[in-house]
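The chain that follows stands alone, in the form predicted alone, written as structure tokens.
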Amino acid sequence: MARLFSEDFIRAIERLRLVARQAPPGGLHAEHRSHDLGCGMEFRDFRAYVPGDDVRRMDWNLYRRSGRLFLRLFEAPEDLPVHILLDVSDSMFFEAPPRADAARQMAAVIAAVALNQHDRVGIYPFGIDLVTPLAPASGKPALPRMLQYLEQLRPAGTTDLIHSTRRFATRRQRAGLAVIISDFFDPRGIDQVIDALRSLRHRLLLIRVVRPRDASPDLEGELRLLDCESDRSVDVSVTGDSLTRYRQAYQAFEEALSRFAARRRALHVTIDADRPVLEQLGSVFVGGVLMT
């Protein structure tokens, strides 16, 4: 466990917070605001009394002034279900250091922050399909088991982000925050990836694991390119024009994902796999807080 998750790494993320604008109803007591207005700590509004309401929530001062019966409504703090979909396809383990290291560390960051707030966290790795997940758990004591689980994950076959996302969408789970950690590369293209993401009924946090050379590879001449997952090869002649077309295609890929995130009001952040994850958390947790 020490290779990816040192004591220094764990201490560095202890003060981070994850804040949901509103938590879905039906959960446990925690630190987020629920859509349910009932018994809670923070006053929100009044509504007219109807027979059967709890008279203990009646505002008698308002009754004396108006002669009408009103209930005081409060926001109930509840937990936020956090579902972490983690790309562990073969390509994520290909380079040195592998993107899977940064991806697993980001999964650990999100999990640790949520567990510290008593949120319920589940981890769902995928490659060609969903891998056996780590069942949802809550509370700080669950963190060592999650870190061990993340450390021991191995390549899970060729990339099928589309199939894996749709499989996850069919699971019967309480709505919450779905965190997808991936490079978002899929052989069928970004349009079908976005269609699959639309099937998720959760609020979304998209964490894209990148390398600077993704956007602008340093290649030239007559080359044989080998697919790191399928072992298929293709002979190409890399010229200035072909590199320009590649950069345009990559920019279109980025813009399509960004547009989807904006329309869905999803958070969309990037992590550089060539840099230490801890150095990049300031741009994700602004002021120590990630607002979802």
Partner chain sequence: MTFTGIPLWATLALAAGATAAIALLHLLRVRPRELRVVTTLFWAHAAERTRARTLLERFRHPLTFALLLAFCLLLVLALARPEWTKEPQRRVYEVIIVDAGLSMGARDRPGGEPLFDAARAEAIAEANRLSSQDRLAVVVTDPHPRLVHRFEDPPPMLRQQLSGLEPADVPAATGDALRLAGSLLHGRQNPHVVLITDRPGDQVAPPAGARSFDLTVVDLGRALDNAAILSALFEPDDKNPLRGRFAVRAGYWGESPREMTLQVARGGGAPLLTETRVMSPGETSDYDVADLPCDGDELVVTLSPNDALEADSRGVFHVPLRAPIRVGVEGSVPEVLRIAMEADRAVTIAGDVGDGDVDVVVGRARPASGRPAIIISDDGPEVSAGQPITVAGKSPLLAGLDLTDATCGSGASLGALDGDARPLLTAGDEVVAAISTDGALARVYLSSALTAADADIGWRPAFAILVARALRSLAGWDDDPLVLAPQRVVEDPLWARRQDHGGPVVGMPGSRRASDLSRAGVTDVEAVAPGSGRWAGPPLYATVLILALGLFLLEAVLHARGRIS
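Numbering follows the first chain given and starts at 1. Since this is a predicted model, take the numbers as computed values, not measurements.
Quick note: we don't show the form predicted in complex with its partner chain, though the next part is all about it.
> Only one of 212, 189, 157, 144 comes within 4.5 Å of its partner chain in the model of the complex by heavy atoms, so just point that one out.
Filtering the options by heavy-atom distance leaves 189.
> Considering its partner chain in the model of the complex, which of 262, 55, 62, 225 comes within 4.5 Å of it through any heavy atom?
Exactly one residue meets the criterion: 225.
> Consider residue 258 of the chain shown here, and say whether it contacts its partner chain in the model of the complex, taking contact as heavy atoms within 4.5 Å.
The answer is no: residue 258 has no heavy atom within 4.5 Å of its partner chain.
> So, in the model of the complex, is residue 195 in contact with its partner chain at a 4.5 angstroms heavy atom limit?
Although its partner chain is absent here, residue 195 would stay clear of it in the model of the complex, with no heavy atoms inside 4.5 Å.
> Determine whether any heavy atom of residue 70 comes within 4.5 Å of a heavy atom of its partner chain in the model of the complex, and answer yes or no.
Result no; residue 70 lies far from its partner chain in the model of the complex.
> Just checking whether residue 220 would be counted as a contact of its partner chain in the model of the complex - the rule being heavy atoms within 4.5 angstroms.
Residue 220: yes, in contact with its partner chain in the model of the complex.
> Any idea which of 145-153, 161-169, 117-125, 93-101 reaches within 4.5 Å of its partner chain in the model of the complex, heavy atoms considered?
Answer to the contact question: 93-101.
> For 240-278: residues with a non-hydrogen atom within 4.5 angstroms of its partner chain in the model of the complex?
242, 243, 245, 246, 249, 250, 253 sit within 4.5 Å of the partner.
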